[in-house]
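Okay, so we've got the same protein chain twice, two forms, each given alone as structure tokens, structure 1 and structure 2.
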Structure 1
């Protein structure tokens, strides 16, 4: 089975490779953006390709060589914050890059199965009573990132109708774990605390944004196992929420980080610069549809994930 992972050097990609290696029949290939990322992908060098997915010629050349059976499309600009700072990059990577990939696949391996990753940010959530969020929930573009994912999903719908590609679309809720970039909130806070532990003279005060928001956090090790099950058992054309089905506030997260710190004087204060122009107060996944086709459920708790993140950072 030939498997291609785009964005393979990223946070989820690295963990997905580790999970897929457990199956000896898998022949895993990777797309990375630049040569510096080769060292972050634990695969034979001949199976790693430097590809800019916004360059259609580049994508065509590599897909013609690999001709994968299954594609995990993880390459994306996935930061909401960065999407406000650089909308053009977000749209180019998330929309044009995805269309380039699907077009190349439809030419060279038109029966491939593709797992396409969207986001819970696509949902229009205004009231707490709307939780948990089912796949049928109203959609909206609250930021440039969510708009790009809405367009990506819609474009994929046209490929589903007009080609033989088997495309399974995911709306992923927040996932966390060791190796995630500090541009995301939990590794950012953990990193700040680890720095405070190393420098006891440093004030033990975290700069935070809105800590009242609630999010559905899932450990990345659970996420990649779910993705594997969906790539195998998901129905082409269908959309699946991927999350734990439980929401926790960022205040809860801070308390867990504090509990796992070697310092007992950790506190926090709101930094106005970290507040977003718009913020959804709660996002919690209705995962009944997902469980009906995969039987999946998470193994790791939020406490497990944060402890893992902090232990790896200390190393």
Structure 2
């Protein structure tokens, strides 16, 4: 089985390679934006391709060579913050890049199975929205990232209708794990606490926002196993929420970080500047549809994930 991962050097991509290499029958190929920044000893160099997915010629050439059976399309401009600074780049990568890939696949391997990753950002969620959020929930584009993912999903719908590609679409909720950038709240707090562990003279106090906010956090190791099951068993044309189905408060997160720290004087205080009037109090995935096709449920607890993140950061 030939498997292609786009965005293979990203947070999820690296963990997906780890999970897929356990299956010996898999021939794994990777698309990365910059080969120099991607050292993966597990993949033979000739299966790593430097491809900018916005470059249609580049995409066609490499898809013609590989002709994958399964594609995990993870390549994206994945930052909401950057989407405000550079909307055109976001649309170019997330829409044009995806269309380039699907076009090339439909030409060279027209019955490939493709897992497309969207986001919970696509849902119209307000502070008082009833939880959990099902796939039928109203959608909205509140930032350029979510609009790009809505468009990606809609464009894929046309390929589902008009080609033989088997496309399974995902809306992923928060995922966490080692290697995630510190622009996200959990790695941010973990890295601050670890720097406090190294600097015992520094006051061990984190400035935080609204810690009552609850989110559906899933360990990236569980996420990638879920993606593998969806790529195998998901129904083409369908859209699946991916999340744990359970929400935890940021206060819980802080308690777990505190428990796992080598310092016993970790405190936090609410910084008024970090409180946002529009904070959505809870975001939790309805995962009944996902479970009905995959039987998946997460193995790692929030404690496991935070312990892992902190251990890796200390190395």
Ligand code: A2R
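C-alpha atoms forming the largest set that superposes within 1.5 Å between two forms make up the rigid core. Numbering follows the first chain given and starts at 1. If you're wondering where the values come from, they're calculated on a predicted model, not measured in any experiment.
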Structure, 1 versus 2, that is the form predicted in complex with the named molecule: 2
Rigid-core frame, C-alpha of residue 270, shift of 2 angstroms or more between structures 1 and 2: yes
Core superposition between structures 1 and 2, C-alpha change of residue 28 at least 2 Å: no
Rigid core superposition, residue 166 Cα moves 2 angstroms or more between structures 1 and 2: no
C-alpha positional change at residue 40 between structures 1 and 2 - rigid core reference, Å: 4.4
Following rigid core superposition, Cα shift of residue 85 between structures 1 and 2 in Å: 2.8
